[in-house]
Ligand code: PXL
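Presented as structure tokens, the chain that follows is alone, the form predicted on its own.
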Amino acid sequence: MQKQVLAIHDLSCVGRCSLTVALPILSACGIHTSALPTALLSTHTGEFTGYTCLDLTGEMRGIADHLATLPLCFDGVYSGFLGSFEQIELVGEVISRYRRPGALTLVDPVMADHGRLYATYTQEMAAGMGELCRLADVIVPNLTEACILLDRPYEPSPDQKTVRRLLEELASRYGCGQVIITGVKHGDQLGAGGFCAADGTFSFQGAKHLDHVFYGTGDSFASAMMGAMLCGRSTGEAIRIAVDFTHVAMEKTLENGLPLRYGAAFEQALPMLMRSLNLLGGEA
């Protein structure tokens, strides 16, 4: 039976991020994906000015209530960027509504990068995002978000020992079974560190660091992670698949001379993702 996911993200009309990334990636993983949009933006907020942003808080409860009348049984709920503080409680209610044994809740606490909160976020929202993380089976913060969630000063280049400590503290504080921190550097590699609370295992998966700014890669990574885990891959395997997929998307963007501000060309990496999940013929 085909698995189903509810993706709770914003929608940018231009730029590969959020729902325009999550929907096709999860669909490529063979998962029927429904959407609960949090905000509508004309473009993503990196390298664009004059963009519009419509907060969809007023519509979300109506959408969620209508979905509840349908015979939907979600195998996963996956949340990302939220448009207001009020949405945190609402998303928590949605997660609780669809929580059941065997279902997977992944929270990507999208709120900051490069040592600072996004312009649309407040300290109150950051604290609320922490409460949302308590409802998750898996959280996928970047380094900045991990430090904010732990009330720690931002560390741009922590060593592996520090990364493991951050992971363990996040798992302990928020009760998450699995924690992944993205944007972790190790030598000439950039990737993600993961921790599984059930067996105490730590892993790092990386790929050669490409010295460019790519937008939407966190969304690509988390979406591929979600897809791989719902396809039965372990945490470590899912991290490896998501790192490789995101890296190939960045490589394809550079190889084809595509404008970086529109985001990494994840579309060109989808065949590799599908092969890695045995959804296409050929070598993974």
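Predicted, not measured: the structure shown is a model, and the values here were computed from it. Numbers follow the displayed sequence, beginning with 1.
FYI, the form predicted together with the named molecule isn't displayed, but the following is about it.
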{"item": "Of 46, 37, 236, 30, the one that lies within 4.5 Å of the named molecule in the model of the complex (heavy atoms)", "value": "46"}
{"item": "Heavy atom within 4.5 Å of the named molecule in the model of the complex - the one residue of 202, 118, 154, 85 that qualifies", "value": "118"}
{"item": "Proximity of residue 273 to the named molecule in the model of the complex, heavy atoms at 4.5 Å", "value": "no"}
{"item": "The named molecule contact in the model of the complex: residue 17, any heavy atom under 4.5 Å", "value": "yes"}
{"item": "Residue 230: touches the named molecule in the model of the complex, heavy atom cutoff 4.5 angstroms", "value": "no"}
{"item": "Contact test in the model of the complex: residue 148 vs the named molecule, heavy atoms, 4.5 Å", "value": "no"}
{"item": "Answer range among 177 to 185, 190 to 198, 129 to 137, 110 to 118 for contact with the named molecule, defined in the model of the complex as heavy atoms within 4.5 Å", "value": "110 to 118"}
{"item": "Those residues of 63 to 100 which, in the model of the complex, come within 4.5 Å of the named molecule by heavy atom", "value": "81"}
